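Below you'll find only one chain, the form predicted alone, shown as structure tokens.
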């Protein structure tokens, strides 16, 4: 395929539009124990002003109250303040799953915050997505899930075989086994064969503020006779497609997929040679878009 002919095909860049960097804009830095942990939008800052003395506002940004010396103290204070805002109708209800608040993956936790409010603080949120695929002589075939219609985020949209947020106090490996069993009925031995394949970072708008997500990606080669079965009600159905067909759908109907799933699929295709620099004019921009560090 020539560059000219491939230009007539819709670019895959459109499928990444919702995970491309948004820019700093007029955001405020959030610091905890003198360490920057978040980027707060003006909308989110207005909500945090209602949270009481747990947050102090200054010209340089927002910081946690100085009297909160331990991660546990900060967690309790923030939880209490944000639950109060939720009870007043200013915030959605908590989801009772806490995420770590850290400066980077592997750093000591400075506190924990309910999953519902990570975007409010513009804190880093970690997760994992698994590309479940069947190797064939004609190329990989990929399992795609369709999210249940009652999901809080992106109901009815197409998704990876397995994906989920990374809660505090759980290793990635343990979380992968848990999510694989819940979402696709995959046993622990099979899930344990998933190969770490890197990560994808992005900023994107959040209903309360800003998403700053780090997705750890895994590749899981599956037997041709494997059929996923959802066990937690979060997935309506699974279907298997040649990866070329998945890419075609991404080009022509990117809105059919959950907002961050195209990035995971495109990354898979770059790494497995399904896309290559000679036939994909946007190859370099696709690769660099998926590998921009968060600031």
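The shown structure was predicted, so the numbers you read here are calculated from the model rather than taken from an experiment. Numbering follows the first chain given and starts at 1.
Below: the form predicted together with a further copy of the same chain, not depicted.
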{"item": "Residue contact check: residue 173 to a further copy of the same chain in the predicted complex, 4.5 Å heavy atom", "value": "yes"}
{"item": "Heavy atom of residue 125 within 4.5 Å of a further copy of the same chain in the predicted complex", "value": "no"}
{"item": "Non-hydrogen atom contact residue 27 with a further copy of the same chain in the predicted complex at 4.5 angstroms", "value": "no"}
{"item": "4.5 angstroms heavy atom contact with a further copy of the same chain in the predicted complex for residue 284", "value": "yes"}
{"item": "37, 43 and 118 each touching a further copy of the same chain in the predicted complex (heavy atom, 4.5 Å)", "value": "no"}
{"item": "Segment that reaches a further copy of the same chain in the predicted complex - one of 264-272, 231-239, 50-58, 248-256, heavy atoms within 4.5 Å", "value": "264-272"}
{"item": "Listed residue that, although a further copy of the same chain is not shown, lies within 4.5 Å of it in the predicted complex (heavy atoms), from 204, 134, 199, 158", "value": "199"}
{"item": "Residues from 92-124 in contact with a further copy of the same chain (non-hydrogen atom within 4.5 Å) in the predicted complex", "value": "104, 105, 106"}
